[in-house]
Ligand SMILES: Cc1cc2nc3c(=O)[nH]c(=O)nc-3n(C[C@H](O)[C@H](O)[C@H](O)COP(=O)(O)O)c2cc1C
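Only one chain is shown below, in C-alpha cells, and it's the form predicted on its own.
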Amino acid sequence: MGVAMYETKTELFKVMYSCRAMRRLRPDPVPEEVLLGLVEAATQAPSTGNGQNWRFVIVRDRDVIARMAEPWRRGNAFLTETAMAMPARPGEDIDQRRRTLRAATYLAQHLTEVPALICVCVRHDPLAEKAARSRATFRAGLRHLGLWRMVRLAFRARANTEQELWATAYPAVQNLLLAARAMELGAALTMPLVLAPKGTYEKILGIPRGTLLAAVIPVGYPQGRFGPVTRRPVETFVSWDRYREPALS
C-alpha cells in the first residue's frame, strides 16, 4: 500500500510515513513560539472524558537538563546492554536495532546540547475521581452492571485511573511528534523515567504528586534527513473478525 495511495488526498499521510524518531539533534535554539506551537498541536488530541488534564514542561535551562542527563545516561547504558543481549525477533533487522541503540546512546551522551525537552504530564482529575466514588455512580453501576461487577470495578479503580492517564497522554504525544515532523523538526518519544528510581525526574522538574510524567520528547533541528519509516507489511499485524497471531518469517 504505502503513502502513494494517499498522495492525492492529504499531506498528513506523507508526514506519518516519514515521522522517524530523530535522536541526533543540532544545538541550535528552537524559537519559543515554535515550541508553543508544538504543544498547541498536542492539545488538539482527544483526552479521557475531554478533561484536557495535560501539563507540559518545556525545559531549556542547561542546568536542569544536566541534572536529567546523569540518570538518563545510566538508564540508557542498561537498556543498550540488555537490548543487545536479546535474540532477534522473527523478521527483525538486527542491524536496524543496533542503529537505533547507537542513536539513543548519542542522544544520552549529548543530552545537554539538545535545545529543548518537552515533558508531557497528565494531572489526576479530582472531580472525576470524586464522581467515581459518588452514590450516584454506585447506584448507576448496580443498575447497569450488577453488584459483582461493581465490586470488581471498585478493586480495579486505581488501575483504571492509571489507564485513563496514559490514554490522555499518548494521543497528545503523537500529535506533537507529527507536528514536529511537519515543521521539519527532529523529535523522539522517550521514557527515561522507567529506568530511574521512582520520582527522579519529577523531583528535578518540580512535578507535584497527583501528576503523571508520561514522556520526555527531545526537540531540535535534526542532523540527518527525514525518510520513510521501516515497518513490516500491514498484513503481519492484522487478523479479521477474530484474533489470530500472524505468521512471521
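Keep in mind it's a predicted model, so treat the numbers as computed, not measured. Each residue number is its position in the shown sequence, starting from 1.
The same protein also exists as the form predicted in complex with this ligand; that form is not shown, yet it is the one meant from here on.
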**Study point:** Sole residue of T82, T100, T112, Q163 within 4.5 Å of this ligand in the predicted bound form, by heavy atom
**Key:** T100
Check your understanding: Is there a heavy atom of T190 lying 4.5 Å or less from a heavy atom of this ligand in the predicted bound form?
Key -> yes
Check your understanding: Quick one: is R232 in contact with this ligand in the predicted bound form, heavy atoms, 4.5 Å cut-off?
Key -> no
Check your understanding: Looking at the partner-bound form in the predicted bound form, is R20 within 4.5 Å of this ligand by any heavy atom?
Key -> yes
Check your understanding: Is there a non-hydrogen atom of A104 within 4.5 angstroms of a non-hydrogen atom of this ligand in the predicted bound form?
Key -> yes
Revision key, fill the gap. With a 4.5 Å heavy atom cut-off to this ligand in the predicted bound form, the contacting stretch among 191-199, 29-37, 43-51, 60-68 is 191-199
